[in-house]
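Next up: just one chain, as structure tokens, the form predicted alone.
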């Protein structure tokens, strides 16, 4: 009994420590975002654990900044379009690789996933040159397509694991009842695969939302800008910590909202579908 109780206390202590490690950066980010100038510029004194005079001045300044609102909207459009493109291309590709075995399928899957072994900076130049030729630079579609090139291998990898876990009986029984392969894929398999595809969409959204290199080179000569690119421009004049923290909070909010929205489909898909 004593050993069991001691084990529980060890686990509880470990959980509290891990939660503290995760929450500490979030606390510092929120604290600095609502800090007044006297709480940041202390003249050599110790920075207080909580601001002397909490304020939303930094958020009001960001809301009044036209470039920030435009960059946020551009980043959101690019991220959502990247999710759509990646799922439309990656999901059927993963299903075909798992369900329809053909010579070289394993080699092809390995090749598709190994594309991400190369650093982004290696592929940014040829992609920018190609997109310049076809007129996709300085556009939301061009950046979204570039981000899709980065995320599609991950979507294929995640979706392959999802489809491998779904029994083949679902496909076969749907086709026995008269459904075509396309109908059984769309109306039978996809609802069951929603949890895994929702997780993949969250990953794609995060990748696109935070991506800098492709967005910078594809938008460098235009008026459009994503939030990471705008943040790099703001860092050039060394802003105070409270402004940077406020930007970080604003960058985190859409990701949290998108995760909560998609989580509903993860819960729905977990109980959808059954073997008749």
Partner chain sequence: MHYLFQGIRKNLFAILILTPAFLYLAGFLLIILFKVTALALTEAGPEGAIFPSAVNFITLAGNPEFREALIRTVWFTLIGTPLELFTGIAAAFLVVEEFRGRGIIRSVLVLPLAVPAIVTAIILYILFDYPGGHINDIITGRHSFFPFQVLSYPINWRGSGFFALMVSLFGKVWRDMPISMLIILAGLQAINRDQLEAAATLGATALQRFMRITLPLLAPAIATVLVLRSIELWKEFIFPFILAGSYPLLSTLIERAYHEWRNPREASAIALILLLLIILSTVLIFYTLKWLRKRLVRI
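What we label the rigid core is the largest C-alpha set whose atoms superpose within 1.5 Å from one form to the other. Residue numbers count along the first chain shown, from 1. Just so you know, these numbers come straight off a predicted model, no measurement behind them.
Same protein, other form: the form predicted together with the partner chain, not shown, and the subject of what follows.
> Can we say 14, 89 and 100 each have a non-hydrogen atom within 4.5 Å of the partner chain in the predicted bound form?
Looking in the predicted bound form, the three residues 14, 89 and 100 all sit within 4.5 Å of the partner chain (heavy atoms).
> Considering non-hydrogen atoms and a 4.5 Å limit, does the partner chain approach residue 200 in the predicted bound form?
Heavy-atom contact with the partner chain at 4.5 Å: absent for residue 200.
> Is there any non-hydrogen atom of residue 55 lying within 4.5 Å of the partner chain in the predicted bound form?
Judged by the heavy-atom cut-off of 4.5 Å, residue 55 is well away from the partner chain in the predicted bound form.
> Answer for residue 77 alone: is it within 4.5 Å of the partner chain in the predicted bound form, judged on heavy atom distances?
Close contact is absent here: in the predicted bound form, residue 77 is far from the partner chain, nothing within 4.5 Å, heavy atoms only.
> With the cut-off set at 4.5 Å between non-hydrogen atoms, does residue 128 touch the partner chain in the predicted bound form?
Residue-level check for residue 128: yes, a contact with the partner chain.
> Let me know the one among 71, 162, 93, 140 whose heavy atoms come within 4.5 Å of the partner chain in the predicted bound form, would you?
Selected residue: 93.
> Using the arrangement in the predicted bound form, list in sequence order the residues of 196-228 with any heavy atom within 4.5 angstroms of the partner chain.
The stretch touches the partner through 210, 212, 213, 216, 217, 220, 221, 228.
> 2 Å or more on the CA of residue 48 between this form and the one not shown, with the rigid core superposed, yes or no?
Yes, residue 48 moves 2 Å or more.
> Residue 207: after superposing the rigid core, is there a C-alpha shift of 2 Å or more between this form and the one not shown?
For residue 207, whose C-alpha is compared between this form and the one not shown after core superposition, the shift is less than 2 Å.
> Is there a C-alpha shift of 2 Å or more at residue 61 between this form and the one not shown once the rigid core is superposed?
No; that C-alpha moves by less than 2 Å between this form and the one not shown.
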